[in-house]
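In the form predicted alone, a lone chain appears below as structure tokens.
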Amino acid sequence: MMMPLQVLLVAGTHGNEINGIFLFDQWKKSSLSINTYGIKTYKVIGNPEAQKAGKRYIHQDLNRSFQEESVLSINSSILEVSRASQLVNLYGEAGENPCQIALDFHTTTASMGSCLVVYGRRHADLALASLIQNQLGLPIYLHESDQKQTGFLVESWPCGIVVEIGPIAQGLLNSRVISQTKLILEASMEKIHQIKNLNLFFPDKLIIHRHIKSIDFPRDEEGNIDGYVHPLRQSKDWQKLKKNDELFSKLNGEIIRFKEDEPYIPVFINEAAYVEKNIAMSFTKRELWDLKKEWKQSLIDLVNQR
């Protein structure tokens, strides 16, 4: 028996990232039309309590709350752990309304433009990301090898991608960000529709920005931040670093420089929400990967599973 293809669309995983929430609200009110190509979708606000409070989260980051043990904790006193469990119970692969694919829409205060974020190297994720990249030219940030950052929402679905759009301040609406969200949503649904109808061509290659490590701000002996992103580095996401390039400045005139021999590419530079995570920016390595046959087949099988 063929299972119906269903896609989970999430906005507001962080309650103060409101552009996707606004788009979904207008869509639900029929104030605008979004083409989902006849595919059943569920539009969900990830953390509605945080949205009401105008905060990123209530107790902890929802997008770090989808740990294996957490999805069984629907009665947890931590709101985001309970919410993670609820979402998996409602829309997970074995849930009441099982979805095979999750698309999670975010915004960032960093000058990232629009990009896709993939966690780990799941075959279906990479195949879907390659199709979207091929159509829209979006960078793909492969987040892996970071044991301090786990429990992401999309990892609880067989295939899942995060969409990041910036820069935009938290809690503000922006026409460009809303338009970009709609554009990427519709392009993603078009590609999923083409997979369902076996009417598409995969690219031969995809460009990956592979996560290497994150670095913190300069701090004093008491652990307080005592430096800031250098003006030559601010808003220079996706731009390759050279040895001795400026990273941080201090008010005493000291400059902290990039000392690596590898020409890493920084992303999420000075992201407001990452200060609490002790992250000033993350370093990536740009790589050109061949698109493997098994990645394509994994996505095709998932979308057309029986």
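Bear in mind that the values here come from a model prediction, so they are computed numbers and not experimental data. The first residue of the sequence shown is number 1, and the count goes up from there.
The form predicted in complex with a further copy of the same chain is left out here; the points below concern that form.
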Considering Thr150, Asn89, Gln135, Asn174, which brings a non-hydrogen atom within 4.5 Å of a further copy of the same chain in the predicted complex?
Asn174
Tell me, out of Lys40, Lys29, Lys240, Lys243, which residue has a non-hydrogen atom within 4.5 angstroms of a further copy of the same chain in the predicted complex.
Lys29
If contact means any heavy atom within 4.5 Å, which of 231 to 239, 139 to 147, 121 to 129, 79 to 87 contacts a further copy of the same chain in the predicted complex?
231 to 239
With the distance limit set at 4.5 angstroms and only heavy atoms considered, check whether Leu23, Gln170 and Ala272 all reach a further copy of the same chain in the predicted complex.
yes
May I ask you to check whether Glu93 falls inside a 4.5 Å heavy atom distance of a further copy of the same chain in the predicted complex?
no
Flag Thr109 as yes or no: does it have a non-hydrogen atom within 4.5 angstroms of any non-hydrogen atom of a further copy of the same chain in the predicted complex?
yes
Examine Asp216 and determine whether its closest non-hydrogen atom to a further copy of the same chain in the predicted complex is within 4.5 angstroms.
no
Heavy atom to heavy atom, is Glu155 within 4.5 Å of a further copy of the same chain in the predicted complex?
no
Using a 4.5 Å cut-off on heavy atoms, what residues in 123 to 144 are near a further copy of the same chain in the predicted complex?
none
